[in-house]
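This document opens with one chain alone, in structure tokens, the form predicted on its own.
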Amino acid sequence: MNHKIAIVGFGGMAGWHYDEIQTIGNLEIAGIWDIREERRQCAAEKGLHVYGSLEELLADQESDLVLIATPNDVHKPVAIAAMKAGKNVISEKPVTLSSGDLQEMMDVSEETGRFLTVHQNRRWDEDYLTVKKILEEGKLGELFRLESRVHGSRGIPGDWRQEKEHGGGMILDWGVHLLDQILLLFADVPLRRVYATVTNVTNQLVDDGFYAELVFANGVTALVEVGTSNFVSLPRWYILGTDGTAVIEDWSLNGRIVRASGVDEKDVTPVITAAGLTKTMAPRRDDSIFTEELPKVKSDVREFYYNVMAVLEGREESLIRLPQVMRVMKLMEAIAKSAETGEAVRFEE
């Protein structure tokens, strides 16, 4: 079955979608609309049909899907208009700016019978899938701490992401990805407490980074951090269990797993520091640990579109469920509240 998708907003992310769609069978672009003349011209140069207005795009009976790749504050009104026009909708992340707005969008989806989903593309990141496999295989014993970070050193891009009214800031920009990943790792575990801080190093209008500690009902603490003024980046993932530790340095999956071999260390050789000896911080003997490679997982992000088409054809359920999206949205709100009040926020209690 062939599907046609119309794109609202033809900036950088839409260009990424354009390239991916060229490699997907049974899916083609019906046309685009962008309020900026230069972006409409860019689309025309690629041979794409350019609609004369958003209303013309929504009235086109040839398309059954609308992709919204606009600034964040525009997602909600365009999605609602598209669903009321009979279109199924893919929204770029974050789906909107608040849980209340998301509920309105979900209500319209229910009323119109139109499919609404969100392009949570980083569910297909291979570093995240590798972490998922490590946990599923129980390689580290009982998990007690997990750290997820992304660090850059250039501040926030000089566009609408710097402006609060358009949904700027790193909580909405990168937090929506990292928090989605964490909550999927603990999909059936209540999140009890959230404590967070934000930074405003390069931008005073929106957060240019944040740090959040999430305490789950199973005793696991997850640390999620986004920084845009870090000239030395910390590891992408750091995972601690009772029997070992895993580190993933970057998106290229450089890293390793170090596990206990089962040999009991009775005699520990102290480490000599500048101010004295320590046995507590002495490294393990080589015969009591072993190092292994990461169980690297490969993925194909096009599975997102394959699943969307299968949903429309009644063959599959959506991989990205709106209650999951709502959980992430409420968590981002809790992080913002904690950062504002300086206090921990109770969550899912």
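Residue numbers run from 1 along the displayed sequence. Here the structure is a predicted model, which means the values were calculated and not measured.
The form predicted in complex with ligand NAD is left out here; the points below concern that form.
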Heavy atoms, 4.5 Å, ligand NAD in the predicted bound form: which of 29 to 37, 282 to 290, 302 to 310, 42 to 50 makes the cut? Say which one.
29 to 37
Answer with one of Lys93, Arg236, Lys87, Lys76: the residue that has a non-hydrogen atom within 4.5 Å of ligand NAD in the predicted bound form.
Lys93
Ligand NAD in the predicted bound form has a heavy atom of only one listed residue within 4.5 Å, and of Glu213, Asp173, Asp127, Asp101 that residue is Asp173
Each of Lys132, Phe186 and Arg259 having a non-hydrogen atom within 4.5 Å of ligand NAD in the predicted bound form: is that the case here?
no
Is there a heavy atom of Met13 lying 4.5 Å or less from a heavy atom of ligand NAD in the predicted bound form?
yes
At the 4.5 Å heavy atom threshold, is Thr221 in contact with ligand NAD in the predicted bound form?
no
Taking ligand NAD as it sits in the predicted bound form, is Arg114 near enough to touch it, meaning that at least one heavy atom pair lies within 4.5 angstroms?
no
Contact with ligand NAD in the predicted bound form for Gly155, defined as at least one heavy atom pair within 4.5 Å: yes or no?
no
